[in-house]
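Below sits a lone chain in structure tokens, taken as the form predicted on its own.
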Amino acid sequence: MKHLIACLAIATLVAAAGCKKDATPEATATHAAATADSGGSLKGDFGPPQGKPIEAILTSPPHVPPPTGRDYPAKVIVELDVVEKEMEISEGVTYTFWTFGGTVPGSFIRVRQGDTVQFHLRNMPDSKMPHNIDLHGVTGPGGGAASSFTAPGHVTRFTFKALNAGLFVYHCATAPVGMHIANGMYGLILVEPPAGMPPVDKEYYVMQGDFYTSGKYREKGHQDFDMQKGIDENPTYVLFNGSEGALTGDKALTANTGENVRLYVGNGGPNLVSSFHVIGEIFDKVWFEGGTRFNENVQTTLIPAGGAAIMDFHLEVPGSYVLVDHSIFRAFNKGALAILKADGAERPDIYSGKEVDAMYIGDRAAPNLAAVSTAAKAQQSGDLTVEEQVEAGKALFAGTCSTCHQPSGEGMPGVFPPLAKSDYIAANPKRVPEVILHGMQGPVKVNGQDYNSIMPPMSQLTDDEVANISTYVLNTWGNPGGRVTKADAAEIRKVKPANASEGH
């Protein structure tokens, strides 16, 4: 034992003095043994780049580049563009994002431990702001930020050695840093270990971020960044891959039963920690914090702001698996929800239940909410029709109201009153938006039947959403027709009726 300690001390002193040529073979071997299992930056292939330079394959989310497939270090050239662009953050809601590669999150970068990476950052000429990049996988002050400050219309270049294996966040670090990150400037770089990652059937790229808009959640039209909300850490949206519905409906992730799936999950922040969970699955392995160690049989894993994790699981049962931040209001009221659809034969020996209800997944089970976008654009141009309101309201009703009142509007006998052919609605059509906004409690008679349940207020809905749902109800299931406007909903919101519900 004393001999080992002495050897370690000698190796450390020799390395510190820069006199490796004078190190004894015994000391060198002991130092190598001490670092071999450390997971540190000395564990890898760090010779000079071999072969011709390689152009990195970059992919847009949720796609992941193929494995490097190399057993030697190479010079890898990464070219990444900064693009400022207006995109939808939710149906009918636009936001000016600042991006790496034109997407939120930015392009996925995949290299091998020991690679020498030559990084080119180009800021588009029509950008309004200078930008840079801080890669958490870079060893050096600022992670590359000081070397990559790039004005609009310019390009910068720097080089780094990928010393540590792992999954690392990158982000813009130009002041004000929080604003640049909050506008979508983040992504992931995977530095494979020398032996590569264990093979799987499907790999996907998912990244959470919190967004701070001037308007409320799902308020239609263009929304600006709200600095005070960011400082207060009070996000309007918490999203996977930059927009509500980015990974749902016809854009859901896909796999087959019997396959092994790997998720590379990052958290751009800038503020919130993610409690990442896949409803109905258990992670077989989680490489926590994106490092080289993994845990097994994990239900939910914490991913800090500016952190990442890798998770593997095997699909046994077909159906829709919901990815959420299990700080659960973020999932169902701020947008942190995605879907993985697994196809395959039923496995009643493992699970005898039915497919996840659309009512549970909400409006995101549908292929898309295009009708909501159409109605929002028509309203902005001043030519919104009743038919457009009905179509938008139908999509919103599915995720907001159908659990209790049923897709048919029939309600639940003795529990929830029917909306179909309702004499209660016919007597006063304005009751529909009033009950949506303020809820209702106490006894009520509908179509000759007595009810005494509680309808919680849906005050989180915007005025145009209330108007569209109300118009859909009024024009469906034999109800009297008519329309409710955004202005009507705004006025009704101001006055709370005597039988309003407190939500419990």
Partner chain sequence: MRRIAALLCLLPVAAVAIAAAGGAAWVKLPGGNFRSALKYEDARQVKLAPFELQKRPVTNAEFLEFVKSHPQWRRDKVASVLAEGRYLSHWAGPETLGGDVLPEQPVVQVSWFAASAYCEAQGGRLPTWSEWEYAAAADETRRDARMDPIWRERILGWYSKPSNQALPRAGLQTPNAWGVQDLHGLVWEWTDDFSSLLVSGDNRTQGDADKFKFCGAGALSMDDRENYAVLMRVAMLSSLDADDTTANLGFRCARDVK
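Numbering follows the first chain given and starts at 1. Note that the structure is predicted; figures quoted are calculated from it, not measured.
Not pictured, yet referred to below: the form predicted in complex with its partner chain.
Checking Ser352, Asn297, Gln228, Ser381 against its partner chain in the predicted bound form, a heavy atom within 4.5 Å turns up for just one residue: Gln228. Only one of the listed residues (Gly102, Gly280, Pro176, Pro304) places a non-hydrogen atom within 4.5 angstroms of its partner chain in the predicted bound form, and that residue is Pro176.
Interface membership of Trp98, defined by any non-hydrogen atom within 4.5 Å of its partner chain in the predicted bound form, is confirmed. Though the partner is left out of this view, Pro130 does reach within 4.5 Å of its partner chain in the predicted bound form, counting heavy atoms only. Using a 4.5 angstroms threshold between heavy atoms, Lys220 stays clear of its partner chain in the predicted bound form. Among residues of the shown chain, Glu233 is not one whose heavy atoms approach its partner chain to within 4.5 Å in the predicted bound form. When contacts are defined as a non-hydrogen atom within 4.5 Å, none of Asp45, Pro48 and Phe119 contacts its partner chain in the predicted bound form.
Between 137-145, 244-252, 195-203, 262-270, the stretch whose residues reach within 4.5 angstroms of its partner chain in the predicted bound form through a non-hydrogen atom is 137-145.
Contacts between stretch 151-169 and its partner chain, counted in the predicted bound form as any heavy atom lying within 4.5 Å, involve Ala151, Pro152, Gly153, His154, listed in sequence order.
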